[in-house]
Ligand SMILES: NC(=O)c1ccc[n+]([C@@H]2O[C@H](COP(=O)([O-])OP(=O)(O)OC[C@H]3O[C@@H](n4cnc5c(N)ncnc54)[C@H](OP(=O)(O)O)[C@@H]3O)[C@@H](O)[C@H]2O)c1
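We begin with a single chain expressed as structure tokens, specifically the form predicted on its own.
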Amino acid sequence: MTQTSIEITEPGAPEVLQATSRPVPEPAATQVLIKVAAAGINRPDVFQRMGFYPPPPGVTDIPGLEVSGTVAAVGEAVTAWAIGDQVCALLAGGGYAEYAVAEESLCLPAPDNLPLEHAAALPETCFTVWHNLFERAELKAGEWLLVHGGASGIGTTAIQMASAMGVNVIATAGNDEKCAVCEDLGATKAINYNQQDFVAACQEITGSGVNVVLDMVGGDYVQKNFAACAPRARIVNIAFLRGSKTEVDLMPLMLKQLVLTGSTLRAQPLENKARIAAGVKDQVWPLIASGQFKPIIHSSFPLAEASKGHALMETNQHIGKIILEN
């Protein structure tokens, strides 16, 4: 049995994403086969397409790190899911297709109060935000959080999740429209970084600096984050859109007793990702059920038009997530 999948014909621009026919994957003992309703587009997919983020050994070359859909088959050891269940799932790859396999432990029930297609926008961002802010940075209610890229998929997730949990959020974004969206989603203040110094603004708003920074920008932001922080703050880097190499004065890190950390999700051991999944289900899914948090969907494209979705992401004009629908 074959299916339509989107392959990367060679490293390059969005046009290298082309529809092809591939065999439908078979689930291993601990996996489920999902008939994909939709797949989320994420920045790591763009990096993979450009040749900078190869899949881990043994993982399909088909891009796509998150999907939603209906369980079509289950492996012999699967106990949590049955054929017909509606789920969303974190994948190591393979989401840009009509069918995808996912580990049983990395599937979550598709929320009843969301369209099934919109659930595809949840796993990658929810897992990333939960792990980095609430596990690694130990973000607590009442603290101040600075989120860079506040209008991105990660940013809109972090703002909603943190504010729902009693955190005070400051976000940065590149224009006034994006800033307005960030504040509508729960940010105390959104800063247009093209018009205002976010370091000065953070110090003015908080009085002593922020307690946690979620940064996907890197480059010159590394030094600026030090200046925006309160003593004993935690800074988490999850991407480097302005580059991973920069000259930094580490003295503020020492004098303020700051913690600088970071992580990637895709390469983590399965047991780590399963733990994160359990935390998301326990802590984040109730926020979705109560309406305190929902994925912000900017636009959707048919699977065959994956290249258009990537082209849109590269303009940085989107707010929230871009998805591919079957």
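Quick caveat: nothing in here was measured; it's all calculated off a predicted structure. All residue numbers are counted from 1 along the displayed sequence.
A second form of this protein, the form predicted together with the named molecule, is not displayed here; the remarks below concern that form.
Comment: 214 to 222 is the region of 79 to 87, 244 to 252, 214 to 222, 98 to 106 lying near the named molecule in the model of the complex, near meaning a non-hydrogen atom within 4.5 Å.
With the partner removed from view, the residue among Ala228, Ala119, Ala173, Met161 that has a non-hydrogen atom within 4.5 Å of the named molecule in the model of the complex turns out to be Ala173. Only one of Ala233, Ala187, Ile154, Leu145 lies close to the named molecule in the model of the complex, with a heavy atom inside 4.5 Å, and it is Ile154. Remark: all three candidate residues (Tyr193, Ser263 and Gly320) come within 4.5 Å of the named molecule in the model of the complex, counting heavy atoms only.
The shortest heavy atom separation between Asn42 and the named molecule in the model of the complex is within 4.5 Å. When contacts are judged by a 4.5 Å heavy atom cut-off, Leu303 does not count as touching the named molecule in the model of the complex. In the model of the complex, at least one heavy atom of Phe47 sits within 4.5 Å of a heavy atom of the named molecule. Though the partner is left out of this view, Met313 does reach within 4.5 Å of the named molecule in the model of the complex, counting heavy atoms only.
Contacts between 8 to 40 and the named molecule, taken as any heavy atom within 4.5 Å in the model of the complex, involve no residue at all.
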